[in-house]
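Okay, so here's just one chain, in structure tokens, the form predicted on its own.
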């Protein structure tokens, strides 16, 4: 789920950023460009934890920009099949519901919701048990299991289930 890895990136810097604060300018530009992004290979970059090395800059012909190779340590979030996550429901419809766990969006199909839960339409669509004791609606917190992931170049999509032991609603905003 969370990994501490070393990554490399070439940073381009305008000459106006040169001077006494060159290192700080490179690090702040790196943080701005990298934190919160997603690479399909490594996952979502949560935070940069350290700079291992900033190499010698190479001047780009005709532009004046300088390219610095930077090696840095960061914490990344990458979900895998079989992991259990806690997520917040963002949308409910008759096909299932979408939930978010940090930066990743997870879809839970109505086939992967326990059989005793029925879809209820209306102004606040939800899945409710027959006795009404458990309700999944927008802003509910659920514990789910990832059963599949699809990785694109810049995004990770997941399919989840709550049809297993110890999975389902943890916190319902309607009862709070």
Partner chain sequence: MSGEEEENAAELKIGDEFLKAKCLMNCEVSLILEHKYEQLRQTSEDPMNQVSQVFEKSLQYVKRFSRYKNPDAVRQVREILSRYQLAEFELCVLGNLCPETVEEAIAMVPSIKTKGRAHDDEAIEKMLNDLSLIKRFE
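C-alpha atoms forming the largest set that superposes within 1.5 Å between two forms make up the rigid core. Numbering follows the first chain given and starts at 1. Fair warning: this is a prediction, and the values are worked out from it, not measured in the lab.
What comes next is about the form predicted together with the partner chain, which does not appear here.
Contact with the partner chain in the predicted bound form, judged by any heavy atom within 4.5 Å, is made by just one of 51, 66, 134, 46: 46. In the predicted bound form, the partner chain sits beyond 4.5 Å of every heavy atom of residue 29.
In the predicted bound form, residue 60 stays away from the partner chain, with no heavy atom inside 4.5 Å. Put simply, residue 149 is close to the partner chain in the predicted bound form: some heavy atom of it is within 4.5 Å.
The partner chain in the predicted bound form is approached by residue 36, whose closest heavy atom lies within 4.5 angstroms of it. Residues of 117-139 that come within 4.5 Å of the partner chain in the predicted bound form, judged by any heavy atom, reduce to 139 alone.
The Cα position of residue 151 differs by less than 2 Å between this form and the one not shown after fitting on the rigid core. With the core held fixed between this form and the one not shown, residue 30 has its Cα displaced by at least 2 Å.
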